[in-house]
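Presented as structure tokens, the chain that follows is alone, the form predicted alone.
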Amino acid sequence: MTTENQAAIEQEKEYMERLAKQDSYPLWAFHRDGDRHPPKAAPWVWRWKEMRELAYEAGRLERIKGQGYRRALLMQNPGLKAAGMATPSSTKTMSSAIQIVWPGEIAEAHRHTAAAIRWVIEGSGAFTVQDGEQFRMEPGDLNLTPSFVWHDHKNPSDEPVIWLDCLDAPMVGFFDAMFQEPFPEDVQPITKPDGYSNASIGNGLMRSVSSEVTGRALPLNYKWVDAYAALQAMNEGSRYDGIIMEYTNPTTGGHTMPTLACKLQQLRPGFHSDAHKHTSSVVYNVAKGSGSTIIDGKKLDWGFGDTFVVPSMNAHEHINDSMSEDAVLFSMSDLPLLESMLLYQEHHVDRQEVTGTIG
């Protein structure tokens, strides 16, 4: 190294030290000095068998019995463990958990700015109360808790109820907009008749001409029997996702909620999708059947109740090897947020050669 080069390095070093005292950093050095790759979410799977056993164990923990806590097991993406995120999350924008409500238990009423969904996996004796309306929760049902809606859960049956609990908490936390407030009582009073919200929008088919259309997300309950029947009635689907439908906001026909899109897709017997990738991240839960997804060249086998993630811009394709049974996947993604920021992109890729496995 020449004396001239050494002098230039020392000059810049001294300059950067003075910048640091002003809490500043030069952009050119940020780009120049080595690779700076932030932590990325990894394709991953949480097996139903193991998570169910752990959920039951959580239900038997004496220390939290009667305390009103949510017995929820957050599923932390291994690629994000070192990211220092405030909430363990499954992707950078979404958290997911397996939650169990023990027989006779009540999860106390509260509300928060994060929007949430509940996808029921097992058990049919629980109820959720959303802004004074009670909804029965049965396997395959999707229940919405929009931002800042009061909600509590109760299980008057003699069997546990387990659901997938997903929130947009990581993205809300990124904007420092996460707030939570307890209800004055453990449970909120039921002030609306059963079916009130669905009836107020004509079950998605009609609306009152005397009320203003706000487009806000409602605390709705989408029944499995209706959603699955809709899939079975369809003849055409997507080359990438098979027969696929979105749970829409019935007042707008748009995405499920402002930050979250929820979908249900059917992979009919023998279906092997084409491969693509997109900027939205997706959390999947297996509602029916078994199959596999190839993600960036690695094969992930899945079966009923498994939860897995396909992070942003990971090439993926779905396969149902059964020649007699269909497979159904429920999914939640951050698509609405990306679209609103004009950041959504989708690209076709060739079908992938399998070079490894996941989970």
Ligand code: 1HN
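Numbers for residues come from their place in the sequence shown, where the first is 1. Not measured: the values here are computed from a predicted model.
Note that the form predicted in complex with the named molecule isn't included here; everything after this is about it.
Test of understanding: in the model of the complex, would Arg118 fall inside 4.5 Å of the named molecule by heavy atoms? The answer is yes: Arg118 has a heavy atom within 4.5 Å of the named molecule.
Can you tell me if His110 lies within 4.5 angstroms of the named molecule in the model of the complex, counting non-hydrogen atoms only? Yes, His110 sits close enough to the named molecule in the model of the complex that at least one of its heavy atoms falls within 4.5 Å.
Is Leu74 close enough to the named molecule in the model of the complex to count, meaning some heavy atom within 4.5 Å? Output for Leu74 is yes: heavy atoms within 4.5 Å of the named molecule.
Please tell me whether any heavy atom belonging to His153 falls inside 4.5 Å of a heavy atom of the named molecule, as the geometry stands in the model of the complex. It does: once the named molecule is placed as it appears in the model of the complex, His153 has a heavy atom within 4.5 Å of it.
For the chain seen here without its partner, which of 258-266, 136-144, 181-189, 159-167 has a heavy atom within 4.5 Å of the named molecule in the model of the complex? Selected stretch: 159-167.
Report the residue, out of Thr279, Asn198, Ser273, Gln99, that has at least one non-hydrogen atom within 4.5 angstroms of the named molecule in the model of the complex. So the residue touching the named molecule in the model of the complex, by this definition, is Gln99.
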